[in-house]
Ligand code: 26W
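Quick heads-up: it's one chain on its own, the form predicted on its own, in structure tokens.
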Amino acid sequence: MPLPTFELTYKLNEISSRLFSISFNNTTDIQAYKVVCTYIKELLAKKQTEFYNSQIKKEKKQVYYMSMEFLVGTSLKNNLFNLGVEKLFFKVLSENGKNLNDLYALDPDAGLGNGGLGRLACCYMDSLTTQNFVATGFSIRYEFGIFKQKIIDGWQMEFPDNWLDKGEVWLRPREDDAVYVSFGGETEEWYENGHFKTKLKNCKTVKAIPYDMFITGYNTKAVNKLVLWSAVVPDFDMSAFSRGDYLRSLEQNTMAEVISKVLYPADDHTEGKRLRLKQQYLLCSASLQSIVNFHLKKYKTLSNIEEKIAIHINDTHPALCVPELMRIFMDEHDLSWDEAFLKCSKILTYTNHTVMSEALEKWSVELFKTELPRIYKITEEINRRLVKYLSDIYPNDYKKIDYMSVISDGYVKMYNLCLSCCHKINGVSALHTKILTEGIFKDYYNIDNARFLNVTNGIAYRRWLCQANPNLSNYLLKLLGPGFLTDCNALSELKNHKNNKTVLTDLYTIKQQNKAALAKYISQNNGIKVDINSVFDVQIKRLHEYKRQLLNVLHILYLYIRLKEDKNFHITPKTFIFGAKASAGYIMAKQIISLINSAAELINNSPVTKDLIKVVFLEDYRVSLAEKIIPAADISEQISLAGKEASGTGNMKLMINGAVTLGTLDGANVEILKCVGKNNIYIFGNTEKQVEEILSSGYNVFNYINKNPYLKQVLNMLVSGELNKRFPDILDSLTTNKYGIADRFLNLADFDSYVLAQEEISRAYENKEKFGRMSLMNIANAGLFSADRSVLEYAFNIWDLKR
């Protein structure tokens, strides 16, 4: 920013006068926060316009990234850091009696995501901007986003997260660019001058208003934007209101606004499913209308649209882009089916993020057809043509064709909808892509393997290292120079210091400082005193059974039993730190949270475990909390069942901050192992192939329970009352077929191996030099996992962008 101190002061005073009719030095902290954010937003709006116009003048191809989630987190610090003006703002604010850290504390997390999927989308937008690509993200302006989590009597309770109360200062509404999206009704079809025509009748229409949130890159003139759609009623029914029909006049307004009210409404009932489908269609329809409108404004024709835009479907939530783009091309611009489908196939690309069959999204035909009648007819025709095509390739193989079809068994399968059209499909780690191409997508892969490729996930490391861990970042800057700020691979120079005892001591001191800061937070928020000399063992991620937080807590209970029964049992002091939210309707996940909190209450107050084990569950896990936890972690728990986690990105954030991974051979753990070597990571458990063999041969949990008396005692604790609560459903999920298969994520089969790995960690941690060297090697080898590398692979191999 080319502003001298006095000019920045002048601008802050001008905005303060405009917003609050007072000088900047007389503002309250919240007013000062809004003034500073408004200034940055207006600056970024100008920079974005200049960047966009310069690139469009060159007719650069643009990428549009479609995602139901963008877990933005806080924005103020990120923008100041990327603009290189953080020190300037500290100085100017201090001169006006303000502390920038106080304003940082006011900045809300934009909770527009649930976990890794949404944070990945934001990391990619950051890196695309840093790499000077023209990129636009599209999502929904959820009024409440992901919920605020409170732990009450050990149980997760969900409360509204009104992030817009302060966060709206970052958004720029564009009401003049609103579009209309219709639901329900019936289709009317006819021919006119030899052309097929159709329109919706008796439908309900909402107005979608775009809000821009500007995205900065590091040390670049580029600024991109994330466009968030808000649904409102098109027109208030004044005549109905005047007649006294108040409910009818307000009904449509309520229906419209609820669409963009909450991220991921519970879908364990029909109305929840209906709302989620509407959200997905709102995102796809509004975004695609906007994209096509802007293209036509520039080029006046659709003949070149596939050369000028790439639209990326991030997981299956935006899969409706396929039939909706067909609808726009055919119904609004009179393209033939073949013309429209060819353009769609050249424009659309798709990232798959899961191999779990229950997570492969599908909708009942009845619901889909009722809410989106025209889109269903297009999808039906896509399926008819697909089945005909597949029948020529796999003649008489009806089972395979049924598996590959878009519509079958009363469901519309969104993953097959993407596979039927998109010209590139990618997985997000080497193992994940292998499972896709050799497993669930094998038959599509065999038809055209050129469409499939891997792009291993990456993180915006400047946020997760430079911003979240300034102690470490500043030290590396002095030790290595500034090269790593623009090229993460420059961290590899740290390997030259792996035997330098001074460097190892310095890194240990930095880790202890970060642990002390987290310990202070834990004391203030949980009332628990933790020992910073203990191993900080961290598992922070969305609560899901396949991520196996349950395995972690079973091991903690095992340690408690061993300490209680054997006075000679040695354990290196450990602090187990959890952060996780469970989906509101996911009862088993919420029970696991309750179990963790019950274990914490027992162990933290037991004389048996005093000074040896502490268990901490940090409520309301979010981006800003992760930024406190990650720099302090010694051990990174990445213990999902092999073959279930597509990639993970928490493993990368923890790794670059010097945490040593404890994990299975799952997701990107496989690639982390290759980077750091087997001596700098702890791998345990069955491999993906071994998991398949165990499950296919008839998994008998009692083979594992009966040979380990401690494990049997741990399971008994779940129902004995010793934890002050009983957890019969968790015990049943591990030992009976009540939930389809006993212990379907093989917690018990991997238990012994996990215990041994934890014991190995304890021995290593007691050798400070050895563990410090492991930590150093993790930082030094983190270069592969930069989002800069990932987005370049997407840009050149998937979207065909040019510099």
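In this text the structure is predicted, and so the values were computed from the model without any measurement. We number the residues from 1 along the sequence you see.
Just so it is clear, the following notes concern the form predicted in complex with the ligand, a form of the same protein that is not shown.
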Point to revise | Touches the ligand in the model of the complex: residue 547 (any heavy atom, 4.5 Å) | key: yes
Check your understanding: Does at least one non-hydrogen atom of residue 80 fall within 4.5 angstroms of the ligand in the model of the complex?
Key -> no
**Study point:** Any non-hydrogen atom of residue 428 within 4.5 angstroms of the ligand in the model of the complex
**Key:** yes
Review point. Taking heavy atoms only, is residue 359 within 4.5 angstroms of the ligand in the model of the complex?
Key: yes
Practice item. Tell me, out of 413, 353, 515, 273, which residue has a non-hydrogen atom within 4.5 angstroms of the ligand in the model of the complex. Key: 353
Review point. Which one, 98, 327, 590, 317, lies within 4.5 Å of the ligand in the model of the complex by heavy atoms?
Key: 317
Point to revise | All of 120, 269 and 649 with a heavy atom within 4.5 Å of the ligand in the model of the complex | key: yes
**Study point:** Partner-facing stretch of 283-291, 334-342, 151-159, 539-547, counted where any non-hydrogen atom is within 4.5 angstroms of the ligand in the model of the complex
**Key:** 539-547
